[in-house]
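Below, in structure tokens: the form predicted alone, a single chain.
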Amino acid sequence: MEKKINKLGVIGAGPVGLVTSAGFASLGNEVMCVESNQEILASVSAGRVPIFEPELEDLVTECIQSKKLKFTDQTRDVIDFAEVIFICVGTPEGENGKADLSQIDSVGVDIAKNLNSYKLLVEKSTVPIGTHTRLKNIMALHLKNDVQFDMACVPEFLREGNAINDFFNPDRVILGIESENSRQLLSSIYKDFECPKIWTNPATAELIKYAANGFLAMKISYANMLADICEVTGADVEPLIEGIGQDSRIGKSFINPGVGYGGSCLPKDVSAFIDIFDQHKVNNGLLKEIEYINRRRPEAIITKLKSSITDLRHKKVAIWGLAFKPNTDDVRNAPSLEVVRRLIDEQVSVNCHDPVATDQFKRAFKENIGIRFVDDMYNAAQDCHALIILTEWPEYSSTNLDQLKSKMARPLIIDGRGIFQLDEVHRAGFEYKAFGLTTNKN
């Protein structure tokens, strides 16, 4: 008979931990989540989610009210409560592109010191191959009791802005295990997920996450490389992308040219993936070129701007979009950070607008001289010599172009996300520049 599991632990109340906690709790499990940051703990315990993620706050609140989800600041509480514990702490980019595993190491020590009975510890954090072995070795040094535990890896594939849907409707679930008991426990937990389940070992599961994100980053950089060749050869990027995207072997997702990828996953994961190859002395030239192409995209925005306005000194430019993608307030590694920084270096006055990410941008961007944050997107363009679009928020796509033009000192749009149709903006009287267009002129 399949073993029933209804008590789960989660370590970390960040984006992955909160979605994992609330998702499993809403499916009828009892979940306890541990968070050491007292400010975050106070917020989530009251049902207030400190990140912008559609539907997440309502789900957390519902699960708290149903008593299926509770929070604590003590790892010991979670160990006493649950047999299966998901590790969902951060692995940010560290020195020389390596994944910083300090939070993972700390969790291993904390668990080992409090472990008093068998547990299945499940990595959901994105970690380099071999981290499960690293964790076992760390725990072996700090175990106070002679108890058994298993390690597993079930990597998350949650897209910011769509995380709730991704949790409940995954494309697949990767289950990296080392024991039959682990298989039984995870089979019970994931039995209601109607998607392919790929069983493998922890090392392969760890590598799958990096391989997937590396491939997605490659598609984005490949699309941007195609856009560059279109601009100098007279080819049209939109039918080009349509032509290759309709090939079922390629697909249309992640091949839209633009200002590049950002956020908390792809940049750090590509860097960490490069480091994995370097450590094992395996050629990774493809990954390095993917990273190089992406790093150059913000500079390409400035180049397009300078092709219309040679001297940017004392000009005024509006930025629409600070988050690295729509439906999130995340500005980590967002192209906006570099674009705004370069504009400030050019002595440009910058008006910024974003529906939700302004506060996060203010925290991340310390050089605030010459920057204004404007609540209304049209007012942000007031008396500006150019508008630069860096995030494809839906409200930007439905812009009233006549109203926008009436606000601007010069009707120039540098579209880093390709949200407008060329004919449409030309009819409205704008000079329009976007990646891949052969007619980057008025």
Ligand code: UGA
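Given the structure is predicted, the values throughout are model-derived calculations rather than measurements. All residue numbers are counted from 1 along the displayed sequence.
FYI, the form predicted together with this ligand isn't displayed, but the following is about it.
If you check this ligand in the model of the complex, you find no heavy atom from any of 404, 409 and 430 within 4.5 Å. Of the candidate stretches 281-289, 264-272, 341-349, 131-139, only 264-272 has residues with heavy atoms within 4.5 Å of this ligand in the model of the complex. The single contact residue among 101, 216, 227, 207, judged by any heavy atom lying within 4.5 Å of this ligand in the model of the complex, is 216. The contact residue chosen from 156, 150, 231, 110 relative to this ligand in the model of the complex is 156, the criterion being a non-hydrogen atom within 4.5 angstroms. The shortest heavy atom separation between residue 260 and this ligand in the model of the complex is within 4.5 Å. Contact annotation: residue 115 falls outside 4.5 Å of this ligand in the model of the complex, judged by heavy atom distances. The closest heavy atom approach of residue 329 to this ligand in the model of the complex falls outside 4.5 Å.
The closest non-hydrogen atom of residue 93 lies beyond 4.5 Å of this ligand in the model of the complex.
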